[in-house]
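Listed next as structure tokens is one chain, alone, in the form predicted alone.
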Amino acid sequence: MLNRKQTEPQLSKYLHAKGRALGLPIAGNFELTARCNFDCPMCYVHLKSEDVEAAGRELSAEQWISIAREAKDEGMVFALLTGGEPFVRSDFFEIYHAMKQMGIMVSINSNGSMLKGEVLRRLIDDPPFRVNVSLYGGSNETYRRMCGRAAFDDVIENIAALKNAGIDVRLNVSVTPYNEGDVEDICACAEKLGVHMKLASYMYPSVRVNGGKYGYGDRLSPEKAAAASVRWDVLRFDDETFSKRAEAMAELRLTEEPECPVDSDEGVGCRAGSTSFWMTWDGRMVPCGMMTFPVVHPLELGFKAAWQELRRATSEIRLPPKCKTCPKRSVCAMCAAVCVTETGEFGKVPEYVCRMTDAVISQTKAAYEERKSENGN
């Protein structure tokens, strides 16, 4: 039974709390490239046929390092290097080592296919804070269907190699129409590898690459997305924990720590634009990687001025009043990025998420009753 709940270290919570009070950019997300050796249909950044053009518009290693240095001088402690697939950049380690030498705690997002050979050796020699690997299925067949490459065996072997080298690894799993039948197999992989796993069945509309089609995405229906989420809960929680979760959900309250800590239901309550920022591969700074606005340009303004402007613009965002007073607010996944990618507006209710929330509540109740019946209660 999967039940390895991983909460955020107290040091990180403390630093973000201090950063919020002082207006500091504690964490930076650096989207080094839009290029990738996979071709996943739900990706929010991969430009597919425009890869050649994208390579010419990416920031140089020197530019990334300069931005990181300015951010560090303003208070940045944590950095996430992501993409696309960051290891497709031939100068990845130039950027990585420079950030580490600044004393920044660097994590990496990767699809896992390139974490071998020279890449693995260099990571072992100078380990990151953590590597987050996206696991897209439980077989080569699913990988071929979803990613365009039968890379499952290679990815699993590379994850095991990282683990054996003592590098902290976490699995990120996105459930889509292409891999929804693999949830149990993916969980079994995580259990066998002995790594923490985070599953998401809600997929943001890919407004950054689909021409701004708000609310549109290659994803499950709200009801099927809810079903995948509940299946995940059933698999990862023992009877006692699942029982408490089901009871809490029935009362419209949840005790589980959210992925993005929320302090407010009126404005942007997570850390986006408050203590964290996202740099896109072509040099724009936004509060969150899912958003296209508000946007500032640190290469033109300088990081300090850009950060101050981003904080100001983010502080003015207001979420739907209806969501603030909704009794299901503690259960749903509504946030600023969800609202704007679903509807095009921060203040408009994301109906997809409303439907998914209703389905999660009803399906959790049904799963709970089924579990009690199976146990003879």
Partner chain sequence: MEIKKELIKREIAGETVLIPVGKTVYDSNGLFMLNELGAFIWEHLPEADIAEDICRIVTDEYDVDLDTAKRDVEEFLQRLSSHGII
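Everything numeric in this text was worked out from a predicted model, so none of it was measured. Residue numbers count along the first chain shown, from 1.
One more form of this protein, predicted in complex with the partner chain, exists but is not displayed; see below.
*residue 268: heavy atom within 4.5 Å of the partner chain in the predicted bound form?*
Residue-level check for residue 268: no, no contact with the partner chain.
*According to a 4.5 angstroms non-hydrogen atom cut-off, is residue 105 in contact with the partner chain in the predicted bound form?*
Yes, residue 105 is a contact residue.
*Non-hydrogen atom contact residue 127 with the partner chain in the predicted bound form at 4.5 angstroms*: Flag for residue 127 set to yes.
*asked:* Is residue 72 part of the interface with the partner chain in the predicted bound form - any heavy atom within 4.5 Å?
replied: Although the partner chain is absent here, residue 72 would touch it in the predicted bound form, with heavy atoms inside 4.5 Å.
*Only one of 26, 310, 32, 336 has a non-hydrogen atom within 4.5 angstroms of the partner chain in the predicted bound form; which is it?*
Going through each option in turn, the one that passes is 26.
_Partner-contacting position among 89, 236, 245, 100 - heavy atom within 4.5 Å of the partner chain in the predicted bound form_ = The residue from 89, 236, 245, 100 that makes the contact is 100.
_At 4.5 Å between heavy atoms, only one of the stretches 134-142, 190-198, 77-85, 221-229 reaches the partner chain in the predicted bound form; which one is it?_
Of the options given, it is 77-85.
*asked:* Residues 213, 216 and 327 are flagged as a possible site; in the predicted bound form, is every one of them within 4.5 Å of the partner chain by some non-hydrogen atom?
replied: No, the whole trio is out of contact, none within 4.5 Å by any heavy atom.
*Stretch 160-184 - residues with a heavy atom within 4.5 Å of the partner chain in the predicted bound form*: Result: 166 alone.
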